[in-house]
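Next up is one chain by itself, shown in structure tokens, the form predicted alone.
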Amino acid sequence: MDDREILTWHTYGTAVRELAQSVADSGFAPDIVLGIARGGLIPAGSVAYALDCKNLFTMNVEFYTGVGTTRDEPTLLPPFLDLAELNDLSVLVVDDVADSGKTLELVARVCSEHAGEVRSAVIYEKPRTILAPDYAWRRTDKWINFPWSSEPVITSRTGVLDA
């Protein structure tokens, strides 16, 4: 397990509060918090609560297919967000990790075509990311065990663990 960063539920609580505090301290008050599914959904909800933002949206992106394995490029999956809902609003895009940064870059680019301002926040940033998030709680080059995805699935639909 030395090759992994372990995030417990307890530490997660501290992480998202500190991440939200960084956003607040910067003066950015998003109109919308947008979580990237699946890994960004739990952090997005937590950050939205901490920032007292009731507008919580999601975009579903598939990129990882297993531990360290990905598609060539991230792909947006339905249902699709009505991007007109973002017109001229400030959006905070939240994900669990900026690893390659490709997922974050895709969502930020799509949102920026409509939103007035787009910023991004992640719990973890990796050194190889192509898009540095505006806010990151911690930096690591290790694979991360998140508390919501560390246990085996109850019903396997894909046969892939830890993706």
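Just so we're clear, the structure is a prediction, and the values are computed from it rather than from any experiment. Quick note: we count residues from 1 along the sequence shown, nothing fancier.
Below, we turn to the form predicted in complex with a small molecule, even though it does not appear here.
- Residue in contact with the small molecule in the predicted complex (any heavy atom within 4.5 Å), chosen from 97, 44, 115, 107: 97.
- At a distance of at most 4.5 angstroms from the small molecule in the predicted complex, none of the three residues 28, 49 and 119 contributes a non-hydrogen atom.
- Under a 4.5 angstroms non-hydrogen atom cutoff, the small molecule in the predicted complex has residue 142 among its neighbouring residues.
- In the predicted complex, at least one heavy atom of residue 146 sits within 4.5 Å of a heavy atom of the small molecule.
- In the predicted complex, none of the heavy atoms of residue 135 sits within 4.5 Å of a heavy atom of the small molecule.
- In the predicted complex, residue 57 stays away from the small molecule, with no heavy atom inside 4.5 Å.
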